[in-house]
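Just the one chain here, laid out as C-alpha cells, in the form predicted alone.
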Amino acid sequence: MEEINIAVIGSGPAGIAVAVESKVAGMENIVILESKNRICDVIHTYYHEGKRVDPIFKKVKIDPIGVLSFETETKEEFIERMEEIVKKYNLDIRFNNEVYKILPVQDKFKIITSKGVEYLAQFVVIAIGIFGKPTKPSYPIPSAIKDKVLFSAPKTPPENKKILVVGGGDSAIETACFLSEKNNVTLAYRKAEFFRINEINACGIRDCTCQGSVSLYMSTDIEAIEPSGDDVLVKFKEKPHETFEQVFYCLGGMSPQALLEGVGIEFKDSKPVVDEFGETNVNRVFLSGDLAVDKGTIMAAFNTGKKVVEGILKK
C-alpha cells in the first residue's frame, strides 16, 4: 500500500488546482487519482468542438485568488492550457484508477481503486464533480421498478429479501457479502471468473458461497428486466428467467453522494456540509469544485483548490 500525503480524487480543473496549489505551498507526495484515461474528461465529453470557456457565471466575472487563472478561450485552447499546467508542475496523475471506497485507518485514510491498488493518505480531497455517476446496463430500466433497482449499497441492509447483485468487481462482491447477512443473495457476473478483485474480497466471496449465503451465477448475462407484480423479473440469457425483490447493479462508476456518504460525510438539503475551506465533518477530508460550492465556472473550481490548500495548511 503506497503512502501519500494528499490524495486528490479527480483530475478536472478543481483537482488539478488542488495539486498545483499544494506544490506551490511546498507540499510534496501528492497523487491525483483519475477514473478516466485523460484529464478534464467532463470538458472533453460535454463541451462541443470550439465551445467557449470563460470565467464569467451569470454575467459575473469571478476573479482568481490562487495560482491558476484564464481568460475566455475555446475548449481546445483550455484543454491545451491544462495539459501544459500538468507538465509544468510535474503532477502525478494515476489514470484509470477509479476510487470506489475510502476507509478511515487510525489517523489516515485507505483509498481503494478499481485497479485493486490501495493508497494510505493523510489528507483526501474529493474533486470528482457532479457528473460522476454509476454505470447503468445497456437495456432500459422500466419506471415501474426504479425504486427496486439500485446502484450502491445502502447504509442499512434490508432484511428477508431475495436480492440480485450484478457485477464482478470488488464493489459487487462487497455489496453481495454485505447484503447476504440478512437476505437471500445471488451474484450474477457475465464472465467465468472474477477479474482483479483484491484478496480480502476473494476470501469474502469464497466464505459466503461456502456458507450458502450467496449463490453465484457465473458466465451469466442479462438481456432485460421488467416488472412482475411487486418484484423484478430478470431475463437471463443463459438461465431461466427469475424474479427478485431488489436488484443492485455494481458495474462501475459511483455517484458523488454514494462515495461521500460511504466516508461518513454529512448532508443538508441534499448538499454536503463543508466549512469555508471545503473541509467536511470528517477530519482531513475536503471537497473541491462543484461539490464544495454551488455550480459555477471553472474559475470558481480553481478558487476552491486554493481554499482547500489553505485549510490543509491550517492542519
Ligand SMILES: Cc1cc2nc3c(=O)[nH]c(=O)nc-3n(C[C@H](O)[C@H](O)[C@H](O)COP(=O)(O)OP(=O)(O)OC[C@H]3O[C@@H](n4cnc5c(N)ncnc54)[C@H](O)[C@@H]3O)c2cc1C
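Don't overthink the numbering: it's just position in the shown sequence, from 1. Small disclaimer: the values here were computed from a predicted structure and weren't measured.
The form predicted together with this ligand exists for this protein as well; it is not shown, and the discussion that follows is about that form.
- Proximity of K110, G169 and V285 to this ligand in the predicted bound form is absent: no residue of the three has a non-hydrogen atom within 4.5 angstroms.
- This ligand in the predicted bound form comes within 4.5 Å of a heavy atom belonging to S11.
- In the predicted bound form, this ligand lies within 4.5 Å of some heavy atom of E98.
- A residue is said to contact a partner when one of its heavy atoms sits within 4.5 Å of a partner heavy atom; E279 fails this definition for this ligand in the predicted bound form, lying far away.
- In the predicted bound form, this ligand lies farther than 4.5 Å from every heavy atom of L187.
- A heavy atom within 4.5 Å of this ligand in the predicted bound form is found for one listed residue only; from I30, V274, I265, C40, this is C40.
- In short, of 242-250, 22-30, 45-53, 265-273 it is 45-53 that has heavy atoms within 4.5 Å of this ligand in the predicted bound form.
- Contacts between 173-204 and this ligand, taken as any heavy atom within 4.5 Å in the predicted bound form, involve no residue at all.
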